[in-house]
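Next up: just one chain, as structure tokens, the form predicted on its own.
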């Protein structure tokens, strides 16, 4: 009961923040009611997916200060677990998704213990290496379709199929991922005020000091890494049902790992709203700039230049991201 109260307790935020968040929540709930294109709906679903990815990364990368650049491997584990179990044994999403989380968390423990013996950029490089190695293994593994991947055929099922998460209309996918989004926000709100959350902030500030206070630094990092992995794996399973055609080269690419980290860092790593802010800026930019400047204007690649410029500009002004800028402005007003 205490955990539920902590998850629902947002009293440490100013009233204006809560009003803005409430308005955004209402907008997300009613968005499908208003006229919109299929492209806009796809962009909103991508925004929600990457917000949850960022929330997971934020637990270990934001609160723990460990720059993980290998999260795409867990997207792949979740996606391919759900796809394989649905295609080969007709096991529905709501059963295969928890199994995928178990596989992903088990793998995170296996590689987490040796990885967290490393620090700084050595840890970041090691996470990239493990992700790329796993992607290469999937590309030669026949069970998961090797390099050609797997395709979920919706023709086999009579939509809407809520058990297998197979729909023709994206509105169903939208509300499913929106439900995961709200659960993710509540969980991270609880996590940041939990014992493990305080331990991680101590570790981020000073590992030696945290160790002297009796905190098991290594175990705290490994447990948080598993929590971050669970977030990513759940959305990976959703990704398989939503996209329906998954390949290791796309689902487990380094680009996805870096994008997940950038979302949280741009919005504000170590803050509750940072990943949502980052995804709210980068995902629409990524989608619309690529469509307008790449597909229509023929300026292929210019969207990436603008995209990188915004990230560098915000990072130069405030290393803590956009949320850090908001807090800095507030401190100046108070003083």
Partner chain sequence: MAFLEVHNLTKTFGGLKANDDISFTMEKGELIGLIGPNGAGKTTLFNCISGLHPVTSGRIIFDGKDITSLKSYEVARLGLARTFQVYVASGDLTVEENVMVGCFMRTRSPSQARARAYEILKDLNLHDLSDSMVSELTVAAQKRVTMATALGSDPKLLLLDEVAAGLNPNEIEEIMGTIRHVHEGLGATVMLIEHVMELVMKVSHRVIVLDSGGKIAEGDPENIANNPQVIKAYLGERYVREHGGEI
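Numbering follows the first chain given and starts at 1. It should be emphasised that the depicted structure is a prediction, and the values quoted were computed from it without experimental measurement.
Missing here is the form predicted in complex with the partner chain; even so, the following discussion is about that form.
Residues placing heavy atoms within 4.5 Å of the partner chain in the model of the complex fall in a single listed stretch, namely 192-200, out of 130-138, 227-235, 192-200, 95-103. Among 255, 90, 169, 205, the residue placing a heavy atom within 4.5 Å of the partner chain in the model of the complex is 205. The partner chain in the model of the complex is approached by residue 209, whose closest heavy atom lies within 4.5 angstroms of it. The partner chain in the model of the complex comes within 4.5 Å of a heavy atom belonging to residue 213.
Using a 4.5 angstroms threshold between heavy atoms, residue 331 counts as touching the partner chain in the model of the complex.
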